[in-house]
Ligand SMILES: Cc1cc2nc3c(=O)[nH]c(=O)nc-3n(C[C@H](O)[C@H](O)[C@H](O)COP(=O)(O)OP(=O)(O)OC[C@H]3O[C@@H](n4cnc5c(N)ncnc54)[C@H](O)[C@@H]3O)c2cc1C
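Take a look at this one chain, the form predicted on its own, written out in C-alpha cells.
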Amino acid sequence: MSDPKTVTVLGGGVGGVVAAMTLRKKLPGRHRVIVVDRERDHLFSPSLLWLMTGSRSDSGISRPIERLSRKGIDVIQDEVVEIRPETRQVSLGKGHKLDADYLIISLGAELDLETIPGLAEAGHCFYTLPGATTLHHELSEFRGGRIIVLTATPAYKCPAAPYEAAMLIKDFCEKRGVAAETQIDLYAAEPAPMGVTGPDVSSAVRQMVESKEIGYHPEHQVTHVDTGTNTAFFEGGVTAEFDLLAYVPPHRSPDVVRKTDLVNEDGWVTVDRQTMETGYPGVFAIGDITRIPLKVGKPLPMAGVFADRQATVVARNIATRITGTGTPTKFDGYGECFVEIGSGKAGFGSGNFYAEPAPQIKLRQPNRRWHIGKVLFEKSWLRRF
C-alpha cells in the first residue's frame, strides 16, 4: 500500500475538472485531490454563443465549483500567486502554501483585453460572460446598420467560435426582422478559417459564412479602434466603420506561469506531446496554456476537447504511478468540435491532429442532428456538478 499522496490541480476549467474527477474515481480515498481556482463558478464557455443570442442565461451555463467537494475533491477558491515546479509547491493569495506530490497546471489562456487600443471600450468580447451578456443586450435593441465580428490575432481559443458567432448573429437578426437592414462582416487576423484543419475544412467553413451573405475579410490585423467614430483600423491602412462590434481579444498565458521557466520563448508551457509532462517530474500542464507544435508548422489549436482528453490521460497516468496498477496511456491528438450555423443546425468536425504530414480532419455537413448533439453534450457536462 502506497503512502498517501496529494495531487494539486490548478484551474477549475474543463481540463481541471476532468483531471480532478478522473483522479478521484481512480485513487483510493486516502489520497488527496485538490482543485484551486480564483472563480466561484465553473463556466461552460461553449454556451456563451447561445447566451449571446438569448437562448441561455448566465445561471444556466455555470455551476459552483464547490460542488466538486461532494465527490471527495478539496476545492480552494484563491489566486495562484507563485508556482515552484522544482518542488511542486504553490503559493496562494491568502498566504497559504500547498505541497504536492503531483501538480497539474490547467490555468488556461488569459484574455488580454487592453493590448489593442480602443478595442475593449468600443466592443463586446463574447468570450467572457459579461461581454456575451452586454452583446446580447445590444443585439436585442439593434435596429440595423453594420455589425463587425473581429479576431485580434491569428491564434485564439475555440477556433470555430468567431465564425459561429457571425452566423448566429445573422440568424438572430433574421428572427428579429432586422436582417435586411443589417450588414455583418467578419475581419479575421488569420488567413483562413480554422487553417490547421486543412484546406478542405477551411474552405467549407468559409463557404458556410459567405452563404449567409456575411462579408469575410481574412488577414486583417487590427491595430486600434477609434471609439469616437466607431472605426477599426487595420495594418495596411484599411479601415472599417461599425455600429456594433463583437471581438476576440489577444490571448496570453497567466503572469504566474510566465514567471516560471516552464514557458518557451513565446510564453506558453512546453510539454511532452503524449504525456503532457513538463521538464519537471510530476509536473504536468494541459489545455490552452500549452503549445504543441504540429508538422504543418502550426500549434495544436486551443480547444476544450483537447484539454478534456489531455486531462484524462494525465489523471490516469498519475493514478497508475500512485497505485502501481493499470497501464500508462498517451494523448493521441484526436479531437472534434461542433460548428453552429444558426436555424437549429450545426456541422461537426473530427479527426487526428497528430496525423502526419498534416492533420486528417473531416467536416460533416450542418444539420439538426449535430445541433442536438451539442445541446446534449452541454447538458451532460453540466450534470457533472
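Small disclaimer: the values here were computed from a predicted structure and weren't measured. Note that residue numbering follows the sequence shown and begins at 1.
The protein also exists as the form predicted together with this ligand; that form is not presented, and the subsequent description refers to it.
A.B. asks: Counting any non-hydrogen atom inside 4.5 Å, which residue from A240, V209, V196, C158 sits next to this ligand in the predicted bound form?
C.D. replies: Comparing distances to this ligand in the predicted bound form, the residue within 4.5 Å is C158.
A.B. asks: Within 4.5 Å of this ligand in the predicted bound form, heavy atoms considered, which of E114, E213, E181, E79?
C.D. replies: The residue from E114, E213, E181, E79 that makes the contact is E79.
A.B. asks: At the 4.5 Å heavy atom threshold, is M302 in contact with this ligand in the predicted bound form?
C.D. replies: Taking the distances in the predicted bound form, the answer for M302 is yes, it comes within 4.5 Å of this ligand.
A.B. asks: Even though this ligand is not shown here, does L68 get within 4.5 Å of it in the predicted bound form, heavy atoms only?
C.D. replies: Looking in the predicted bound form, residue contacts with this ligand do not include L68, since no heavy atom lies within 4.5 Å.
A.B. asks: Can L51 be called a contact residue for this ligand in the predicted bound form at 4.5 Å between heavy atoms?
C.D. replies: Residue-level check for L51: no, no contact with this ligand.
A.B. asks: Might R364 be said to contact this ligand in the predicted bound form, defining contact as any heavy atom within 4.5 Å?
C.D. replies: Although this ligand is absent here, R364 would stay clear of it in the predicted bound form, with no heavy atoms inside 4.5 Å.
A.B. asks: Where does this ligand sit in the predicted bound form: which of 166-174, 269-277, 181-189, 282-290, heavy atoms within 4.5 Å?
C.D. replies: Of the options given, it is 282-290.
A.B. asks: For the stretch 368-383, return the residues whose heavy atoms include at least one within 4.5 Å of this ligand in the predicted bound form, in the order they occur.
C.D. replies: If the 4.5 Å heavy-atom criterion is applied to this ligand in the predicted bound form, 368-383 yields only K374.
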